[in-house]
Ligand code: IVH
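Take a look at this single chain in structure tokens; it is the form predicted alone.
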Amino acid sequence: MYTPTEERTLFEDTKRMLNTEVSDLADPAEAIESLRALIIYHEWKYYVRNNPVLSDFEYDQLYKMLEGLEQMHPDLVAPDSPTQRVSSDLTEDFRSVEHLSPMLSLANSYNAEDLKDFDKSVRKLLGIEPGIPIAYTVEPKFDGGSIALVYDGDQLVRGATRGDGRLGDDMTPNARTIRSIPLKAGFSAHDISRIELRGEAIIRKDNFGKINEIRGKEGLPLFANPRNAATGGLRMKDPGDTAKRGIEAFIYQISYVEGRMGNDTSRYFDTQWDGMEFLQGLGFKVPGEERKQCKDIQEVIDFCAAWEERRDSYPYEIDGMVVKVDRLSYQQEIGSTSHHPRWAIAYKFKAKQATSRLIKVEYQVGKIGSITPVAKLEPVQLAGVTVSSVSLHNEDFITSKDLRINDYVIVERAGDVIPYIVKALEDLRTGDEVPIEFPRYCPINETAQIPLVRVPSEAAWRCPNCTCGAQDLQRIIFHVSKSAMNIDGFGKSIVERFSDEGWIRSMADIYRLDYEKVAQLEGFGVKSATKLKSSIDKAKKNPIHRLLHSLSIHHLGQRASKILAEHIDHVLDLRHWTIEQLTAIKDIGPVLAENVVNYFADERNIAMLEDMEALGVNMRQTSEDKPLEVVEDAPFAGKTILFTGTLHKLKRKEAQELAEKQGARNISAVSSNLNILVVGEKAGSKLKKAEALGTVEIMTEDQFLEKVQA
């Protein structure tokens, strides 16, 4: 973007400007223009090149000088001035905007063979014989938030999040605060009148550490990882708060072009590589040494493997590499599915692993009394997150891995999400390791000496007779959760706090809260208390299938709750149902039937439900509980179906109801019993498992809708 001579001149001009008083500036318009050019240059050096030549203090002095001159001469303020990055307007809600071209997701690959298969697929689609090389561009797969930028007449006019791929949230004021995004770029000089760019908003690892350090000192909750901090920053209501996150943006794709030569991108650039070089020349931040133009797929494989080894030393979080057919005319010829481009694929790095020491094991009690062991580790960094606690699941898991206190263990984050202990490093044992003994009595209430029980067919040990209230608390936490009664704003921490205050001891207590007391609680106030009351009042009107699911009856999940709700007029009707009556209902088995009968045979549960009804909680069947009317000659009659990934045209619940109307039965997991898998965006492991079975019909959301509408 700048020649060495230009950089030297700009640096010398900077020093002169820093030694000049505002009162000595003869021509304000000329000074403002000069300051803007200097600040843009230094922002480019800092945010794009990562090689600042100016201290933060000196930069601030330049910025304040420009800001002061513009305040004295408001008629000279331009929309592309660096001072206009932060808007003073607060955005209460983000409106949805349609991308100029769909933001599709990427198919995934995990090894060299997958990449070779991708190369074969590309060759087949292009009709290119083996032996004739196909060039690819390989770029890092940044772990941040995807964005789309639109420039009209050289000006940045819109910034949006990815959203559902077709529509995204308009966050233009926030995008303007990201200093590696030019507010103005010289597209018109290249006969381009309108252009849409794709990029990733991310935060450097070292900057992320500083942000969390500051938040810790201010008593604010720490961010889990740089990705969460970046994506959350894009949606801040005040753009000034976005600016504080230190978000940067890498641009990785030109997705749409309008200009003198039409809107065919390949008329402006021959290759993906050329497009990125072009943007870099205009001052955009694009991948540097971590981007490579490869002559064939073997060079791609070698480059991906090399970067998998280097990922920890890279200043940003990346979870893989993106491989793209380099020639743009080839990309257009190959095309895309409704889910992903056929000309690109993500090479995912293996799950990150690290070694830590197992210090101790603590035990947690669940809503049905399940005792879950949790390993406490010496803190270790995995994929941008500090891990110090890992679930050990159950006694069998501990035994199978022969885990011991003081063991060194290998920890990984499966899919870069869930921490998991792979194994103990037995060779490092010194003899000081202590076998983990699973408790035989409730570990939460040790004085009561309540023996734990284990059903032969299950792995979990349970406390059958809770006297300390630990299970009740977990049941209440589940009761208010999104999948149960869905009481907005009533999360785990609030339940625990109200419990500590003595306000909640049972589910019924939720519906008799004293909102005047809530308003007086530190951190609440009248507005928060009123909002909570509104959420609880709304939950009182829920359909009874939600209420049934919220009661934490063992094995009574969402689907079984819906089935039961279809067969009763009132929740308390179940007091009189027998196991035989329940098992006569399709898909209600004897174990679940026995659990339901036992629950409604307990007078304490009946009293609680009667109390809830008296407090206004709906107990009668609603229209939402009634069975769906199945279409005659339904296309999915007798079939089982599962939806996975993000759907673009339907909400998951709408899709499931539509499938049921067409005769299908929704199930929750991929198995030999599954007939149809409908895949949306980021289908993940369920898709791979279904493909491995070879007996499952896999269809896209569009194909599903075509079947339904046929």
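Keep in mind that this is a model prediction, so the values were computed, not measured. All residue numbers refer to positions in the sequence shown, first residue = 1.
Below: the form predicted together with the named molecule, not depicted.
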Checklist entry - Looking at Ser105, Gln293, Asn212, Thr172, which is the one with a non-hydrogen atom within 4.5 Å of the named molecule in the predicted bound form? => result Ser105
Checklist entry - So which of Lys401, Lys141, Arg123, His567 reaches within 4.5 angstroms of the named molecule in the predicted bound form, heavy atom to heavy atom? => result Lys141
Checklist entry - Just one of 489 to 497, 366 to 374, 530 to 538, 341 to 349 has heavy atoms within 4.5 Å of the named molecule in the predicted bound form; which? => result 341 to 349
Item to check | Contact check for Arg162, Gln253 and Val322 against the named molecule in the predicted bound form, heavy atom at 4.5 Å | outcome: yes
Checklist entry - Taking 4.5 angstroms as the cut-off for heavy atoms, does Ser146 touch the named molecule in the predicted bound form? => result yes
Next on the checklist: Test of understanding: in the predicted bound form, would Glu200 fall inside 4.5 Å of the named molecule by heavy atoms?
Outcome noted: yes
